[in-house]
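Shown below, as structure tokens, is a lone chain in the form predicted on its own; questions about how it binds or moves come after it.
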């Protein structure tokens, strides 16, 4: 008799998630799936809007990494307006973007460690076991 273990919900991810583990009769895992629903439809919010609004709109895609989305949209706009080729940004502009990215990197890692991961490590004894079918 094969066994299926479902861990639901997986909470420390953006979107909704679950893990399904299928085991054979000997208890060996033969299939594991991570299910994450990522689609949010934000692409539709940008359509028909002035192009310069894109960085401000897409930074709301994710509560964990808004600066990364903002900078990606800004780089896309650089290409659209012709600044993404040739000379590009001024040295000050490039440094400002790098500083924003490094700040996001630092904040994201601190958030992940102290808020998203630590409860799993510190509260293990109070966790409920996954459902088994």
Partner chain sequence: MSNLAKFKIDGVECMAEAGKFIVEAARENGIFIPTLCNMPGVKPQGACRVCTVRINGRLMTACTTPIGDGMEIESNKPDLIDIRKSIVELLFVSGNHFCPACEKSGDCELQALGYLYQMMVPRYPYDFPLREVDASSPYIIKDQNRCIMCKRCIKSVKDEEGRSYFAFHNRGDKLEVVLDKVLGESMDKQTAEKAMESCPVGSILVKEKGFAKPIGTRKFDRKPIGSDVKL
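Numbering follows the first chain given and starts at 1. Since we're looking at a predicted model, the values are computed, not measured.
Below, we refer to the form predicted in complex with its partner chain, which is not included among the displayed structures.
Novice: According to a 4.5 angstroms non-hydrogen atom cut-off, is residue 49 in contact with its partner chain in the predicted complex?
Specialist: Answer yes; at least one heavy atom of residue 49 falls within 4.5 Å of its partner chain in the predicted complex.
Novice: State yes or no: in the predicted complex, is some non-hydrogen atom of residue 60 no more than 4.5 angstroms from a non-hydrogen atom of its partner chain?
Specialist: Yes - in the predicted complex, heavy atoms of residue 60 and its partner chain come within 4.5 Å of each other.
Novice: Please determine whether residue 56 contacts its partner chain in the predicted complex, using a 4.5 Å cut-off between heavy atoms.
Specialist: Residue 56: contacts its partner chain in the predicted complex.
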